[in-house]
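The chain below stands alone, shown as structure tokens; this is the form predicted on its own.
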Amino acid sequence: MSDLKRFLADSNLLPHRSLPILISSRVRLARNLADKVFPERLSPQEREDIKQCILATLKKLPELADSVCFEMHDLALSEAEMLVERHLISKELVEREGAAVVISPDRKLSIMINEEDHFRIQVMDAEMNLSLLAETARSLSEAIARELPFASSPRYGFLTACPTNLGTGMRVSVMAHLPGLVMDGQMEKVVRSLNMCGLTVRGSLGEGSDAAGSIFQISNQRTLAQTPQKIADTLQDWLKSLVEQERNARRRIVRRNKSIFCDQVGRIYGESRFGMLISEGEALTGLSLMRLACDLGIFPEYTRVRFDELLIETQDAHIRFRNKIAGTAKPSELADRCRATLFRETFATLPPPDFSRI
């Protein structure tokens, strides 16, 4: 069993390039073992037996060479929550009995075991080649199926615990930073249009989460009677339109009142550079604006990487872990002080905003 602290310390915060607007993409496959009931209906011992069987099989696959495994019962709550904040596992996996995750060294692949389904295979990248991601996930799924056959039906396709995942069992999603549409009051209209095309919009941590920092997760709703290529193509086509709409919204915001926008950026920069208390919500809001300012040229291109790293480092579990803060409640004043210290140290190394470049 690999040590989580060492794994996180040895890993870059960002497993991909830092790009404007479209942050990352993911393909997730839901799969279940043939002739086995779904995890929710298993006894604790049955869940444990299936987990150990799956882990033993995954270790044999060349595709998963050098991967690391973490069993949820071996992790402290704050450690498991750090994996959630890095999008390597779901919030639901944290509290599941007999659950585990296998993660590739570059963190572009993770396999959750005994979440809602026996398998949740995830492939992630910054590139927006959704068809390539889908093929990578499919190839891994087929490699596993040669050792452990999956539950399927000639009529319905792959059988899953949730009926909405029947068929391909595939969810394709993209993480998008859309502050322009939010500030321009257009996001509600965009969400309605996406819903009409069979796409759903959630917060950055998936179902039930808020779109903090104007970061949204956009994914397909339908899997039954859909081919993987159709699912990927539908989202890929919409991304082109979404990016253009976001760019237009950003232009309108700056054109409408450049002075107010620059004033907002300057104030957030000052608070980040000298503030003594910063909550998680304030951090997300501020970094979202800093990231937008970078996209518009106010900060050098390289600073986007550091802003994206701070989006990870300043989340609650990471702050508690980094500063050895006990407890699972909402951020205390101590956590807010630690977060502000991290901001001050980071922004002291970055150049000030250059509004002449906008």
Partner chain sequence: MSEELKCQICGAPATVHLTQIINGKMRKIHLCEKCAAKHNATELPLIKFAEMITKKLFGEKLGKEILEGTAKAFSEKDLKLGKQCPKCGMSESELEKHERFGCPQCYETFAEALNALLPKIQHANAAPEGCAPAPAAPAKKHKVAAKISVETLEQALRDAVAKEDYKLAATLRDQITALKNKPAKPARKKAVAKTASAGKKAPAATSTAKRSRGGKK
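Numbering follows the first chain given and starts at 1. Note that the structure is predicted; figures quoted are calculated from it, not measured.
Keep in mind the form predicted together with the partner chain is missing from the figure; the text below concerns it.
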Task: Answer range among 103 to 111, 128 to 136, 76 to 84, 182 to 190 for contact with the partner chain, defined in the predicted bound form as heavy atoms within 4.5 Å - done: 182 to 190
Open item on the list: For a quick test of understanding: in the predicted bound form, does each of Pro163, Met196 and Thr285 have a heavy atom within 4.5 Å of the partner chain?
Closed with: yes
TODO: Give a yes/no on whether Arg155 approaches the partner chain to within 4.5 Å in the predicted bound form, heavy atoms considered.
DONE: yes
Open item on the list: When the contact criterion is heavy atoms within 4.5 Å, does Arg306 count as touching the partner chain in the predicted bound form?
Closed with: no
Open item on the list: Given that the partner chain is not shown alongside this chain, does Ile260 nevertheless sit within 4.5 Å of it in the predicted bound form, heavy atom to heavy atom?
Closed with: yes
Open item on the list: Check Leu64 for me: does it contact the partner chain in the predicted bound form (non-hydrogen atoms, 4.5 angstroms)?
Closed with: no
Open item on the list: Can you pick out, from Gly213, Gly275, Gly98, Pro228, the residue that has a heavy atom within 4.5 Å of the partner chain in the predicted bound form?
Closed with: Gly213
TODO: Give, in sequence order, every residue of 213 to 234 that has a heavy atom within 4.5 Å of the partner chain in the predicted bound form, or say none if there are no such residues.
DONE: Gly213, Ser214, Phe216, Gln217, Gln221, Arg222, Thr223, Leu224, Lys230
